[in-house]
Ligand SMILES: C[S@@+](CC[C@H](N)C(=O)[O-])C[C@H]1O[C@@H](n2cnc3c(N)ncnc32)[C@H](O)[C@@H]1O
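Below, in structure tokens: the form predicted on its own, a single chain.
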């Protein structure tokens, strides 16, 4: 990445920030759910458990996806993330996720990433890759299916991508394995850090109680202070104990597009019972960035806001 590109991107982000302070609020992130299809049936997945309630179509076509990229870019978004389902399964004729990433670059997005369960090869074209890692082998496989841990590690070993981070969703199944998982990430040269999230129900029966969440946050704060690569900022970790984040959520920071081209601010669960048990770190970071928190701005931008190209 050249200094010129870096300065240009920094300038845009600064402009976006100051415009938001004067009431001109537009999205900075475009989160696109490009499909609901997945090759796994994870224990905590609300999509696989509610397939009959999901809007159709189950995936967006290429031209519609490009149109959504252009629309949100015009509104101000410069960071583009593809999610699912499992986005590496997305296809439209001969086109696959690589073509969506290329289309995003042509539109002009600074940073393009995707979230994956890691059972398919890592796509090198993106700037950021978020891989799901929910514990050591036996726990990860318990949550996501037998053999998924080995497939993830094999695919990580084959890639040279410079900006891969792990996402851990903490629930009753892996509550006792947070420390071990963070240590695992610290030893893996292909993973640059780990983002900790609590499960946002449903399902409710495996979600943590507030006291259990406090134990995790206290542990994460200690490990972060010791130098472990926990990517959540310190302030956001503490904010994870605020479960009903609806009144604080800066949902306008991220546009959210579903396969049927329906739109949401922040996430589709806003205003629902799920929102009252929000476990996502990202919405905490968004709020802190909008408030002007130096740690959130510098730490999040270093990992997620600048292109590797």
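Residue numbers count along the first chain shown, from 1. Values in this document were obtained by computation on a predicted structure and should not be read as measured data.
In what follows, reference is made to the form predicted in complex with the named molecule, a form of this protein that is not presented.
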Notebook entry, point to check: Even though the named molecule is not shown here, does residue 245 get within 4.5 Å of it in the predicted bound form, heavy atoms only?
Noted result: no
Note to self: Just checking whether residue 86 would be counted as a contact of the named molecule in the predicted bound form - the rule being heavy atoms within 4.5 angstroms.
What the structure shows: yes
Item checked: Interface membership of residue 193, the named molecule in the predicted bound form, 4.5 Å heavy atom rule -> no
Note to self: Since only the chain is shown here, I'm wondering whether residue 280 would be in contact with the named molecule in the predicted bound form (any heavy atom pair within 4.5 Å).
What the structure shows: yes
Notebook entry, point to check: With the named molecule left out of view, which of 126, 181, 233, 169 would have a heavy atom within 4.5 Å of it in the predicted bound form?
Noted result: 169
Next item on the list: Could you tell me which one of 90, 198, 109, 149 places a heavy atom within 4.5 Å of the named molecule in the predicted bound form?
Entry: 198
Next item on the list: Tell me whether 44, 117 and 132, taken together, all sit within 4.5 Å of the named molecule in the predicted bound form, counting heavy atoms only.
Entry: yes
Margin query: Only one of these stretches, 150-158, 199-207, 184-192, 223-231, has heavy atoms within 4.5 Å of the named molecule in the predicted bound form; which one is it?
Written below: 199-207
